[in-house]
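One chain comes next, on its own, written as structure tokens: the form predicted alone.
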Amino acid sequence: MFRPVRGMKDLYGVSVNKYNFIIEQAKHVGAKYGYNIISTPLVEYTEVFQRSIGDETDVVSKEMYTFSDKGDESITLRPEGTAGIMRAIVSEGMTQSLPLKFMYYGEMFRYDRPQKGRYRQFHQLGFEHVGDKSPYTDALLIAMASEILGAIGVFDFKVLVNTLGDEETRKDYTKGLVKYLSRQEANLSDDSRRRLEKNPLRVLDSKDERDREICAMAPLISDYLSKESGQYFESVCELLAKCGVNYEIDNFLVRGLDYYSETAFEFKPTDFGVKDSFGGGGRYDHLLSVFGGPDVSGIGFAFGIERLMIMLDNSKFTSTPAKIAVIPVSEGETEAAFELVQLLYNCDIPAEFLHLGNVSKKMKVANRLECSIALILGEEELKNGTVTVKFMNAESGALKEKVVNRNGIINFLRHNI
């Protein structure tokens, strides 16, 4: 028997209902804030991610699905959404229309150890606001993300925020961090020792427990903030409070991608047994210029949809729209029943055409499909121009069956389903 590739999962039933619900709520809230949908390809040239995400990140160095196509071009299944959108803004000639607001959703791919809420093929929804740098923009984006969670029905979470500062801040902070980490180099993991030379800030993002213990005593970036960055972050925090966002400052939050600067944030659950964050993002000051666009700032975030799905109650997503079963008693009524089911479809009424097997088998199938009503056409109904309406699983004392004139069946159903 063939099975899905490890870390990749089929979506059906309740999972699909949850997925669609999350997307629709995000679309509704996003439209209110002025975001438009964008869809980029599942594959990009590998350089799109190498140049933007950073060679020393876990995503690029360990997790990307990269291969050569038949033209010997190196291409990669997208591991995240932001880089592809930046590429699209430039390659599709949208830079003259800045600022731009985009929402995206769909599959992402990372070769990671599968665990609860984390897969190798997973789904994200995200938002990008490009070409506008302001504490107001940052606060509104984070507030919008919190509103989306509320619309979905996720309330048990906390918002962690930090600042990565401007270039001057990161330059000064990197010197202080290297000085501290160099004294601990012998105790660092192999990955962190390598990053200490090439990209020291990435050490703060290490998942290794020894590295985490060492980083807990590292100097804080807040002690190195330039005056401008300090004032910017202070304004963001004040505006978040005005927006009603319950946030906490996490001085060690750096996010996992190289392109972040200034405001960074994550959403972490306070329950549900999910330890890792289920979403986050931040500001990026020079990312669009990497792809040949103007040197403008942007900010964005993404939610992991599978992790959000864990936090939703299954019982709220098991019900299906009321469906009608159209059942001919014998082959002689099949054509008339076929015409009836077409009439239901033309009137946007969900229906199942059950014409195979005897009546008993057809009724069992109708029950299995959770049909609320069965429309039965037999010889007598055909002769009299009527339809027998059977209410499936009717409670004791309730109307269980009624004969309705065929010409009035649509009106009857609209008042009884």
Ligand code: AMP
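Keep in mind that what you see is a predicted model, and the values were worked out from it rather than measured. So that there is no doubt, residue numbering starts at 1 and follows the sequence shown.
Although it is not shown, the form predicted in complex with the ligand is what the next lines describe.
Among the residues 304, 165, 300, 200, the one placing a heavy atom within 4.5 Å of the ligand in the model of the complex is 304. The partner is absent here; in the model of the complex, the one residue of 76, 124, 261, 137 having a heavy atom within 4.5 Å of the ligand is 124. Interface residue remark: residue 279 is counted as part of the site for the ligand in the model of the complex, having a heavy atom within 4.5 Å. Using a 4.5 Å cutoff between non-hydrogen atoms, residue 248 does not count as a contact of the ligand in the model of the complex.
Although the partner is absent here, residue 118 is a contact residue: one of its heavy atoms lies within 4.5 angstroms of the ligand in the model of the complex.
Contact annotation: residue 323 falls outside 4.5 Å of the ligand in the model of the complex, judged by heavy atom distances. Contact annotation: the ligand lies within 4.5 Å of heavy atoms from the stretch 105-113 in the model of the complex, the single such stretch among 142-150, 85-93, 205-213, 105-113.
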